[in-house]
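The data below hold one chain only, encoded as structure tokens and taken in the form predicted alone.
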Amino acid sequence: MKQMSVVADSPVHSSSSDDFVAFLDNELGASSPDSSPDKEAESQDELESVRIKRRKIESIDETEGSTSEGIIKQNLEASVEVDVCTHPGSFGSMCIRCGQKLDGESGVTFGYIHKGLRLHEEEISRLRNTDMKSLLGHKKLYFVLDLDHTLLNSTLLAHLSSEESYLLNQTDSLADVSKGSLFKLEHMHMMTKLRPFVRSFLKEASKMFEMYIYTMGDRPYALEMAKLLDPQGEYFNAKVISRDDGTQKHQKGLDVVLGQESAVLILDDTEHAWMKHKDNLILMERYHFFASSCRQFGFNCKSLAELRNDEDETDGALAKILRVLKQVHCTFFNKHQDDLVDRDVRQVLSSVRSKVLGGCVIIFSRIFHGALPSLRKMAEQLGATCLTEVDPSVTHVVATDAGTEKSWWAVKENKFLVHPRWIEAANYFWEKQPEENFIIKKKQ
């Protein structure tokens, strides 16, 4: 698999030195989610060598004004070309290019790549532009994936219900996680269930995308989940972002992702976590395997574990989303490649979404006032036309009560009468759902 490269195909290094670019390229492309003391020491040694070189130059500069000034200056000019460092980033308090100690902090922290790493906006932009060209050349985009309720579901062992206690005897081996899906993490007092089809999903997605994990969980949890999902370090490497790495509380942002926004897709079960990047988002149906997960979101029903059931492996939520990803990827790259850099995956995503309910004409009846605006917007984004009055062109009446005037009209005129969940399901699965699965029953 191609590793993320921040220097490939770059004719010049702009504001960066070879030392810095090589360091960052190594951290992004070759490191595992674990940051070992040995690797940190190696990185420190590399940066220290930059600082030593700079000290040598400074020591020569200090001799200017002496009788040998002319000879030293001539030798310096012949052997070293000194430029003014723009300090593109820092490692701790040290400039990652020239080694100079810097006062104060500026730029964006990329601690998930390496502890203490900060990059300035100009350098972030340069890295994104460079990697964008390389990635598009390999027909790849960026993909940011949430963990909880999207790729997996976790619960504390103490929160297992009595009907779920049988799971304690059915966990898979942590010695070979690639062959399992249910794991007991004793040191975290936790049990995790991977979503059905997730391994095939990641394998197929990695052919089309450079992938990041981005979770609201803390860093230790994020790294443990990354090990379960990617035990060989094939997909994510150092690109595991936790809540500790974000720049805004309770929000996720692409400012800590080294990818152009125009080439990033996001998969998450929570829309509100991405207020600034909704156009990049594919909203995922939540995965509730454990009872604690159902309770967390206010569902008074049995969990999948309690029902001793699970999502379908081949036609479940992830399988459906994979088909969407392939469609978006194909559409993005399905033209002459000379204008790839100018394309925007958000426009492609919007175009694919707008075909889901294309041709449907909807009218709403007695929908809770607070829910109506978002439901209408969702239907329109899916390509439906929404009216406010009954019209012969109406194909669907969306209601929660079969006894309303518009509901009676739908039955009389042989129109579809469906529950609002029909629209929500189409939004989750990116395909029009069978109306007979969302029929409103008459109240007794």
Partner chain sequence: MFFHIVLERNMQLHPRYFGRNLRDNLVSKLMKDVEGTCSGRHGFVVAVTGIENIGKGLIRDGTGFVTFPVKYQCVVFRPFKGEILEAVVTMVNKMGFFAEAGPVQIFVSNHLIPDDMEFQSGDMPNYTTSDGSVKIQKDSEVRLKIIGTRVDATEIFCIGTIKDDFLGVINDPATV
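Given the structure is predicted, the values throughout are model-derived calculations rather than measurements. Positions refer to the first chain, counted from 1.
There is another form of this protein, the form predicted in complex with its partner chain, and it is not shown here; the text below is about that form.
- For H114, a non-hydrogen atom is located within 4.5 Å of its partner chain in the model of the complex, even though that partner is not displayed.
- In the model of the complex, none of the heavy atoms of E121 sits within 4.5 Å of a heavy atom of its partner chain.
- The closest non-hydrogen atom of R97 lies within 4.5 Å of its partner chain in the model of the complex.
- Heavy atoms of A291 never reach within 4.5 Å of its partner chain in the model of the complex, leaving it off the interface.
- Checking 154 to 162, 179 to 187, 291 to 299, 84 to 92 against its partner chain in the model of the complex, the stretch whose residues place heavy atoms within 4.5 Å of it is 84 to 92.
- The candidate spot formed by K101, Y212 and E234 lies fully in contact with its partner chain in the model of the complex, as each residue has a heavy atom within 4.5 Å of it.
- Between its partner chain and the residues H149, H329, R126, K193, the one pair within 4.5 Å by heavy atoms in the model of the complex involves R126.
- Between its partner chain and the residues A205, I266, L349, A238, the one pair within 4.5 Å by heavy atoms in the model of the complex involves A238.
- For the partner-free chain shown, nothing in 269 to 292 comes within 4.5 angstroms of its partner chain in the model of the complex, judged by any non-hydrogen atom.
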